[in-house]
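For reference, the chain that follows is the form predicted alone, supplied as structure tokens.
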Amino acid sequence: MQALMMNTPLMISSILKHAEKNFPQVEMVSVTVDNPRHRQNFKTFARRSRQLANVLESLGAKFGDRIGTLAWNDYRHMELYYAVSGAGMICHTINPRLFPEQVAYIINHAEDKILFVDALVMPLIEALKEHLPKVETVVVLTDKAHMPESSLPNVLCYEELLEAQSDDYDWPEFDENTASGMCYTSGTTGNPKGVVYSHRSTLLHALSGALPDVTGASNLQTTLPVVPMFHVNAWGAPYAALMVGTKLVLPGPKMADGETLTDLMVSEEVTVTSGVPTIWMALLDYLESSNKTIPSLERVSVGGAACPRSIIERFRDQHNCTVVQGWGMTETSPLGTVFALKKGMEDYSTEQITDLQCLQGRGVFGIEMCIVDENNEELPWDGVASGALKVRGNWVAKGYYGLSDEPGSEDCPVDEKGWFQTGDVAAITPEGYLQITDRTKDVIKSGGEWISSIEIENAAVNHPDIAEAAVIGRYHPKWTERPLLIVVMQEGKSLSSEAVSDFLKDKLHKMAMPDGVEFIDELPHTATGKINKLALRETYQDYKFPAA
């Protein structure tokens, strides 16, 4: 017997139509190159998105075409999110911070014919013009007055194109499993790989992400996503915000500027924000040095890398703000787990709650997870057993663009049982809280024992004079491999390697104590803000431990 319910397809355009009807006056505030504080409401945003859909058709874009964007977090990029996907094309967000050869590879591999480019990114496209044979049109995301000079053929102005089009456009309906977006993994080893999201997966991800125990998104909030819109759809914020009517504040190219972020958060009364740990460490340092606070801020979501305990404690003690850590990947859209307390934890001490915040959160509806040993046997959720983390669910990739999606094949990340192999090593507590102990490629194998680089890093950055730390395994003649700790000091501070070791000795078990400590001015980071351990391994490939 079949149910007697309507089968309305899950369309990204339905979010836009809902927002326009139910939250027409909710604001979207943006920093752009041509306007330091642009404002428009959701009604205007919806109208301009319809105009943009007509622009796409006028440029010859067809159903299923990939439309590339190289842009920051602002209202024009938001318009592309909705117009491109809503019209049946694929919004392909590209990270402009990648190496130029990676940008060229991604554009060519995805076969983007049209690129929408922020004015600040135009020099990169100019430099790559001989390497982008399939690109037919470049649209600069600005108005006529701010159009840059260009030697490229067929360079058009975004605002001029919009002005020439009607806002009369009927969003089409089609199979909800149609591709809506595309984001390439950072590709620290080998070429980047394309993850392709669907309308269905994107809406389900936004719905689950807005639940009370996840982000609790609502019309009463104001959100400032610092996580880039070119990386995993800004963790779903552009969709969840319009779905529930949350005011959006978008920092444009100023995502890493502490002064701009503080001014935006204070003046726009931001209540929630999201980004990687390096952003929050820098913001906390700015607030402390300038003696400023952000009174409205209630919640900081952290992902992309393990969150140091010091960030959690500083936001709590200095700003009365809760840090919510989560885990996810480009391939999981990215929501996998998020911190939230469970019933029965109401009387936990501050320290107990902080201990839980230092974990990567607990599962959300729509994602299953398990950990397995080297024989692929499932391990218990006891907080002790550690193994390879696998996930599956409604917004998890089953393959990569242009590669085989046959489970178990060399190019497919999914095994024969339908589990996505994350490449993370983890333990899960009896209450369901995930603890990422390392990446499989970053685990240090020393004398038959596995050592977590993340555990050492988290212990090190809790020293008040240490700004950042990274741990890699290096060759040791007796133990095969031992941990090397690489440290960046806080400005104006200094420590000896002996002082660092003394600080760590009661925080780590004996085998986890690093055999060497090196001090550098700056750690290398990937384009998404993660520490680039591949680069560190290359730098220290011939390193010899002092006592070895």
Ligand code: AMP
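When you see a residue number, it is the position in the sequence shown, counting from 1. All values derive from a computational prediction rather than experimental measurement.
This next part talks about the form predicted in complex with this ligand, which is not shown.
- Among 305, 372, 147, 287, the residue placing a heavy atom within 4.5 Å of this ligand in the model of the complex is 305.
- In summary, among the residues 342, 129, 445, 417, the only one with a non-hydrogen atom within 4.5 Å of this ligand in the model of the complex is 445.
- Using a 4.5 angstroms heavy atom cutoff to this ligand in the model of the complex, none of 21, 176 and 199 count as contacting.
- Across the options 158-166, 204-212, 405-413, 432-440, residues that bring heavy atoms within 4.5 Å of this ligand in the model of the complex belong to 432-440.
- A residue is said to contact a partner when one of its heavy atoms sits within 4.5 Å of a partner heavy atom; residue 118 fails this definition for this ligand in the model of the complex, lying far away.
- Put simply, residue 185 is close to this ligand in the model of the complex: some heavy atom of it is within 4.5 Å.
- In the model of the complex, this ligand lies within 4.5 Å of some heavy atom of residue 328.
- The closest heavy atom approach of residue 422 to this ligand in the model of the complex falls within 4.5 Å.
- Looking at 359-379, the one residue that comes within 4.5 Å of this ligand in the model of the complex, counting any heavy atom, is 360.
- An increase of at least 3 Å in the separation of the C-alpha atoms of residue 481 and residue 377 is found in the model of the complex, compared with the displayed form.
- Legend note: Cα of residue 441 to Cα of residue 400 is at least 3 Å closer in the model of the complex than in the depicted form.
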